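In the block that follows, a single chain appears as structure tokens, in the form predicted alone.
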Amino acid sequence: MAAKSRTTIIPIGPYHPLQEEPEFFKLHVEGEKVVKLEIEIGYNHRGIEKLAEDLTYDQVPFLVERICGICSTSHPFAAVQAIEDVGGVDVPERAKYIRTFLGELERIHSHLLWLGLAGHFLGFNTLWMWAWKHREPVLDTFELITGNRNHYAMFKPGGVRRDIMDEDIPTAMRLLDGLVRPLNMFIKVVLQDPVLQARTKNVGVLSYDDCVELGALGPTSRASGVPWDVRRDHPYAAYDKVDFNVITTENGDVFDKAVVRL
């Protein structure tokens, strides 16, 4: 009579696999075979909420800014707007434009960071070095106008913590104008690269229907042909006063997600 297999639990984590949220995995193993997996998440979320309990409204933006170094504008953006909605607080027009400028700067640096890491994981390390090289002027612009390359400490309930100085605007424009040529180079060279196409086309496809059912957002949804952009459809800050295109593609694969970001 064969002996009954014994199940062993192997804990892995909590650790941070290139994501905002630490994850803890419990592998139930019988010999070499994984028969069950338990996943525990929420450490970051619960910790941030607990810390926020002892802070004032004006201190919370500094805390939520540190949820993610790549998105250290979007989290305080959401936090101060929630506080303003609850309190019925009006924001000065200039502050709305500064918030919008910070949000778009961060979007550029975030997409370039994503592109570089995508290249690295695909074995295209030249793309990684290119993308992160041309991300530097964006971070330099942040440092010029806020004093910090990440975690900018610019958001506060009712406005922003500091103005953008008139004397800094020409330098900021020069840094950002210098991005146009390398970004156009990425669009032409990267998206025509046969190796990148071979490894990303028809991979990780998310259909339009699945995208809608699962509630996917951002470049992920727009790559599946869903023309949804909260900046246009539910504008905040100064987004209702500026013109921009909502970029969509139809295939929903990893390649199209890169196309949308570029």
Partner chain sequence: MADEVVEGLKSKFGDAIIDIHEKSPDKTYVTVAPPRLPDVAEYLYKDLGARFSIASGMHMAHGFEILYHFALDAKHRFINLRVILDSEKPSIDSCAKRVPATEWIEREMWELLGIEFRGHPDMRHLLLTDDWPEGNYPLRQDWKDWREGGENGSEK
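Fair warning: this is a prediction, and the values are worked out from it, not measured in the lab. Positions refer to the first chain, counted from 1.
One more form of this protein exists, namely the form predicted in complex with its partner chain; it is left out here, but the text below deals with it.
Contact annotation: its partner chain lies within 4.5 Å of heavy atoms from the stretch 211-219 in the predicted complex, the single such stretch among 196-204, 56-64, 211-219, 26-34. Site residues I70, F77 and E250 are none of them in contact with its partner chain in the predicted complex, judged by any heavy atom within 4.5 Å. Although the partner is absent here, D85 sits close enough that one of its heavy atoms falls within 4.5 Å of its partner chain in the predicted complex.
Taking its partner chain as positioned in the predicted complex, the residues of 25-64 that bring a heavy atom within 4.5 Å of it are, in sequence order, I39, E40, I41, G42, H45, E49, K50, E53. Put simply, R66 and R46 come closer in the predicted complex: their C-alpha atoms are 3 Å or more nearer than in the form shown.
Three angstroms is the minimum change: in the predicted complex, the CA atoms of L37 and A118 sit closer than in this structure, by 3 Å or more.
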